[in-house]
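Take a look at this one chain, the form predicted alone, written out in structure tokens.
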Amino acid sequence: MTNLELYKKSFCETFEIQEDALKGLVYQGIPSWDSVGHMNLVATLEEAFDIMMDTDDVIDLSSYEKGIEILKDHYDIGF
């Protein structure tokens, strides 16, 4: 499984959504992406990529696209 597939799977499983809903998805853009859902997503991403996200990155994770940027720039994960 590629990193992008793993990333998409993390979002889809955490929020119980289909892949076609990912583009443009933002924090609180769907009911399941509330504060609790956000922390579940962070935990899922940390486990999937074997990382520990910094507090600033957790706060900055405001959209599907921003998450890719954070993982690429701060954790050297290639997409």
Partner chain sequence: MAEKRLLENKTVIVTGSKRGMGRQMVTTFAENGANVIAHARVQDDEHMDFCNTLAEKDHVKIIPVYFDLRNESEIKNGIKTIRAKKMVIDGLVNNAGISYTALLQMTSIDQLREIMDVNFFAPYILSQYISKMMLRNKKGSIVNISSSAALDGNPGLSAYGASKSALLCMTRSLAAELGENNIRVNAICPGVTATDMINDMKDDIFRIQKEASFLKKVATPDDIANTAMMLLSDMSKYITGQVISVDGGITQFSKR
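Please read all numbers here as calculations on a predicted model, not as lab measurements. Positions refer to the first chain, counted from 1.
Keep in mind that the form predicted in complex with its partner chain is not shown, yet the notes after this line are about it.
In the predicted bound form, at least one heavy atom of residue 58 sits within 4.5 Å of a heavy atom of its partner chain.
Its partner chain is not shown here, and in the predicted bound form it never comes within 4.5 Å of any heavy atom of residue 26. Under a 4.5 angstroms non-hydrogen atom cutoff, its partner chain in the predicted bound form lacks residue 30 among its neighbouring residues.
Not one of 62, 65 and 70 places a heavy atom within 4.5 Å of its partner chain in the predicted bound form. Residues of 42-64 placing a heavy atom within 4.5 Å of its partner chain in the predicted bound form, in sequence order: 42, 43, 44, 46, 47, 50, 51, 52, 53, 54, 55, 58.
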